[in-house]
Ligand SMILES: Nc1nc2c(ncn2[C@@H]2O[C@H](COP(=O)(O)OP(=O)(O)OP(=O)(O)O)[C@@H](O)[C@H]2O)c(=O)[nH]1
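Take a look at this one chain, the form predicted on its own, written out in C-alpha cells.
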C-alpha cells in the first residue's frame, strides 16, 4: 500500500492514504529509521490495526534540509511589501536555491494593503516578470489574491517559504480555512518570530498538499550551490552567450551576461544580487544602473 508522509516531528510521523484521505500514525521498520523519513516522502507499507507500518521509502526527486521536506513540486516564496521591507537579495538567493533543487518558484508579495506608493511594487513585478518568474501581489489580510494562489498549488506538493513576519501562516490559514498559529513581528527588530515546530503537509484538495516553513532571515545560495555554478540558476542569464562556456560573469572577457546588463535586458537589481552572492565588485555596474 502506498502512502504520503504528511507529518513529521522528531518523535512521530503520520501518513495519508491518497485514495481515501485516511491518516494513520506510523511504525517504522529499522531500515527506515536508519535511513531517515521526511514529510513529503512516498512510502510503501501495510496497515497493522490502526497504524501504518512503513516498509520502504520511495526514491526522492529532491530533499530540502530546512525545512526537511521531500518531493517538493513548487515553492510559494512569500515576501512582504512592507513590515518587514521587501528584500530582493534574500529573494534572489531563494530563487537560485529552489532552482538548484528543481523546484518551480512562484513569488508572492504580501501586505500590499500597507503600501502607499504602488510604483515601488510595480518595479519589482516588472523586474521578476522580465526575468521569467511568476509573481503575484496579494493581501492575506484583505483576502486579495487568495483564490489565485489556489491555482498555483493544484495537484502539487508545495511549500510556503520566506522570511519571518511576511504572513506565510496567515496565507495558509486563508487557503485552508483553518487557523494556523502565527508569530508577531517585532516592532524593534522588524523581524517575525518563528512559530513552526514540526513539518506538516496540509491537504488542500485531492492530490494537493501545502506546508508552512520556518522563517529565514538569511539564505546563502553558495551554501547549497558551488559558486561557479550559481549563474546557472539565474534563469534570465541563459538568454545570453559568453565567450567561455564556464564564464562566471565576473572578470572574464566576452561575457554575454554583462552585455545583457549593459543593454538593459538583465535587471540591475538582479545582477547586483548575483555579484553580491559571488563576492565580486564590478565598478561599471554603478554607472550602468545610475542611468
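Residue numbers count along the first chain shown, from 1. All figures in this text were calculated on a predicted structure; none of them were measured in a lab.
Although it is not shown, the form predicted together with the named molecule is what the next lines describe.
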The stretch from 129-137, 201-209, 214-222, 88-96 that lies within 4.5 Å of the named molecule in the model of the complex, judged by heavy atoms, is 214-222
Should residue 120 be counted as a contact of the named molecule in the model of the complex, where contact means heavy atoms within 4.5 Å? no
Closest heavy atom of residue 147 to the named molecule in the model of the complex, within 4.5 Å or not?
no
Does the named molecule come within 4.5 Å of any heavy atom of residue 166 in the model of the complex? yes
| request: Mark residue 158 yes when one of its heavy atoms lies within 4.5 Å of a heavy atom of the named molecule in the model of the complex, and no otherwise. | output: no
Near the named molecule in the model of the complex, with a heavy atom at 4.5 Å or closer, the residues from 105-142 are 110, 111, 113, 114, 139, 140, 141
